[in-house]
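Just one chain follows, in the form predicted on its own, and it is written as structure tokens.
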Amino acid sequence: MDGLETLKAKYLMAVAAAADENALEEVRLAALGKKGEVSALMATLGKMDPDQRKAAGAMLNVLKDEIDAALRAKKAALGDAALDARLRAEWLDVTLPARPRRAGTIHPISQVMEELTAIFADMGFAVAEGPQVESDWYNFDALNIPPEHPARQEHDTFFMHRAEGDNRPPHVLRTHTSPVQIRALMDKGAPIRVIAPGRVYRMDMDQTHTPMFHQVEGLAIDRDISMANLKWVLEEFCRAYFEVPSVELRFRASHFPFTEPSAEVDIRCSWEGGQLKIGQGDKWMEILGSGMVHPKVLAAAGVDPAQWQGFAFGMGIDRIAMLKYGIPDLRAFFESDLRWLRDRHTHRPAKTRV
């Protein structure tokens, strides 16, 4: 078959001259495409006698392979050249000075947790911690919460998935930090004085509720602790936290399964001019729940209720942070809005109504 060397030289020169991948694709189609010159010659093989077909076919396959190899090599070279150009365009001098370091800020929730920990530490309270995934026993049973209590229903509590046939006690995302009190009592015994700050979880979401929020609960157990001691501790905390010379608290009878008697606690305040002022005025605002630890709770933790007694209280950290720093929407704590976080870098108490 004549002219194959000329055809090869023609397409090898065309491949070498291709400036980009589009031009290279045009060369491929002209040579090896369905209507290309090499493909057209391959189509003539069927008209030849067997000996001619064998010899011509071998020469055409060699020609096709050589052109295809040249095309592949050129495509790789064009790719390498494009990468080099991109790297040169995106080059960065790593010896240049860095951006000015921006000072970090403490999240308002972390700020408040540090504040209240310091305040209670001055009154002799240690910090206790516990797992966020709790057994049903620690979260409910040990706290004298009966099986029919609404808090134990799936519409209020996050229950952990259990595989079919798993007979272990159910586990939940803790709904309060009270289980930490049980664990602390079982570990340390009485007397004891601890606070338990941390994350808790409940199925709720609106301007003042989120599925995950923060609580701090306090526990003090001794032989002669009374409600009077509870009142003093809460007054001292509120006075120090809200940075006011005096506060007035009001205790209202309530019911919690884990305390008896139980009381909701309100603080005297004023909303004059749309500004919250603690310790003055004629308004009352609920801030926490409290009471004397129920004898059944003491017994569940291995403490003899005939020898020991004490008080417990609990409050929402997010709630008191909103009150002190004038934050109107609880969801702002969790949206990771850097503008909002930077705006609160001073963490000054704001007198904004919430």
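These numbers come from a predicted model, not from an experiment. Throughout, rigid core stands for the largest set of C-alpha atoms superposing within 1.5 Å between the two forms. Residue positions are given as counts along the sequence shown, with the first one as 1.
The following text describes the form predicted in complex with a small molecule, which does not appear among the structures shown.
The small molecule in the predicted bound form is not approached by Asn144, whose heavy atoms all lie more than 4.5 angstroms from it. Residue contact with the small molecule in the predicted bound form: Arg202 places a heavy atom within 4.5 Å of it. Contact annotation for His171: none of its heavy atoms lies within 4.5 Å of the small molecule in the predicted bound form. Although the partner is absent here, Val297 sits far enough away that none of its heavy atoms falls within 4.5 Å of the small molecule in the predicted bound form. Remark: of stretches 111 to 119, 86 to 94, 243 to 251, 177 to 185, the one touching the small molecule in the predicted bound form is 177 to 185 (heavy atom within 4.5 Å). Residue Gln215 is the only one of Thr210, Thr157, Gln215, Ser135 with a heavy atom lying within 4.5 Å of the small molecule in the predicted bound form.
Relative to the superposed core, Glu286 undergoes a C-alpha shift of no less than 2 Å between this form and the one not shown.
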